[in-house]
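Before any questions on how it binds or moves, here is one chain, the form predicted on its own, in structure tokens.
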């Protein structure tokens, strides 16, 4: 007959194997979800556009951010991290990304939202490259599951331009 230690070891090994199998099935089930999120970001006003004393351009703007990210949520989703970034190119860097706003969506009920805000983080270019610059506003999201791998995606909104002159 086996001792208590052997029986406990067999029971724990079996339980961990079943738990690992369930986690793997949960992670695989997320591959069958095909989300179709939608978003729109509108620049309502450029509050100020100025050159700092160090020579860097700085912009403050009013934004309307609306999004429906409910399709990102499954039974395995813990939360979704979402942020809006301004993206543009300069002669020195082909891609500059500046985060303007971010948030954490804890549940499906909060995943459809409309926010009127000014940029939460400073829109500053290291140099004076922003006058008349075209830029994209991109809504990025990172889905954080309860188990399995995280995944990220984005919606790019084009057609924005900064003023030619400082104000």
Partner chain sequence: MDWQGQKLAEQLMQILLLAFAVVAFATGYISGSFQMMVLIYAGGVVLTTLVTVPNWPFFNRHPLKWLDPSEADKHPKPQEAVSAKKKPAKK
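Positions refer to the first chain, counted from 1. Here the structure is a predicted model, which means the values were calculated and not measured.
This protein has a second form, the form predicted together with its partner chain, left out of what is shown; the following refers to that one.
Note on contacts: among 152, 15, 156, 144, the single residue with a heavy atom within 4.5 Å of its partner chain in the predicted bound form is 15. Across the options 37-45, 22-30, 119-127, 95-103, residues that bring heavy atoms within 4.5 Å of its partner chain in the predicted bound form belong to 22-30.
The closest heavy atom approach of residue 2 to its partner chain in the predicted bound form falls within 4.5 Å. Residue contact with its partner chain in the predicted bound form: residue 7 places a heavy atom within 4.5 Å of it. In the predicted bound form, no heavy atom of residue 81 sits within 4.5 Å of its partner chain.
Contact annotation for 60-88: residues with any non-hydrogen atom within 4.5 angstroms of its partner chain in the predicted bound form are 75, 76, listed in sequence order.
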